[in-house]
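Below sits a lone chain in structure tokens, taken as the form predicted on its own.
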């Protein structure tokens, strides 16, 4: 089993990545920091006869790498009660992948499992639930199995170490993933 982590944070070494490190401690994985990639917003051509025009960015390379893995871990800080724009741009481009005849995106991603790690500072265990639901609906649409999530509470850099509940949940998910490796 192979794991790809899609980091949606725009801050290097932030709380979301810190929580993800706890989850993935001792587990081989591939990290994809979306902030280091060029992913342009979608130009919606879903209903155009010719489909989507090619886009000169890193998206195609990233999605092909993602599809090589069995487990996908999506991470994002809670930005205005939703996922980061970086992660949203990446997921929006799935519409393009659904029309790409060079591979079976929906059939391939449906064979994967997904987990979500998010961190927010303003009562996130309640206020991040719409974000979790948004991702669940997205995953359901493409048949991606949604296996679980962790919501951490932190604001300032390094605050995640003070969230004992998130640490316990990270240890649970670490055990869960190790059992699958």
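Small disclaimer: the values here were computed from a predicted structure and weren't measured. Positions refer to the first chain, counted from 1.
Omitted from view is the form predicted together with another copy of the chain, to which the following refers.
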Q) So which of 63, 32, 114, 150 gets a non-hydrogen atom within 4.5 Å of another copy of the chain in the predicted bound form? A) 150
Q) Only one of 27, 67, 42, 55 has a non-hydrogen atom within 4.5 angstroms of another copy of the chain in the predicted bound form; which is it? A) 42
(Q) I'd like to know whether residue 103 contacts another copy of the chain in the predicted bound form, with contact meaning heavy atoms within 4.5 angstroms. (A) no
Q.
Given that another copy of the chain is not shown alongside this chain, does residue 36 nevertheless sit within 4.5 Å of it in the predicted bound form, heavy atom to heavy atom?
A. no
Q.
If we define contact as a non-hydrogen atom of the residue within 4.5 angstroms of the partner, is residue 130 a contact of another copy of the chain in the predicted bound form?
A. yes
(Q) Quick check on residue 21: any heavy atom within 4.5 Å of another copy of the chain in the predicted bound form? (A) no
Q. Listed by sequence position, which residues of 60 to 89 have a non-hydrogen atom within 4.5 angstroms of another copy of the chain in the predicted bound form?
A. 79, 80, 81, 82, 83, 84, 85, 86, 88, 89
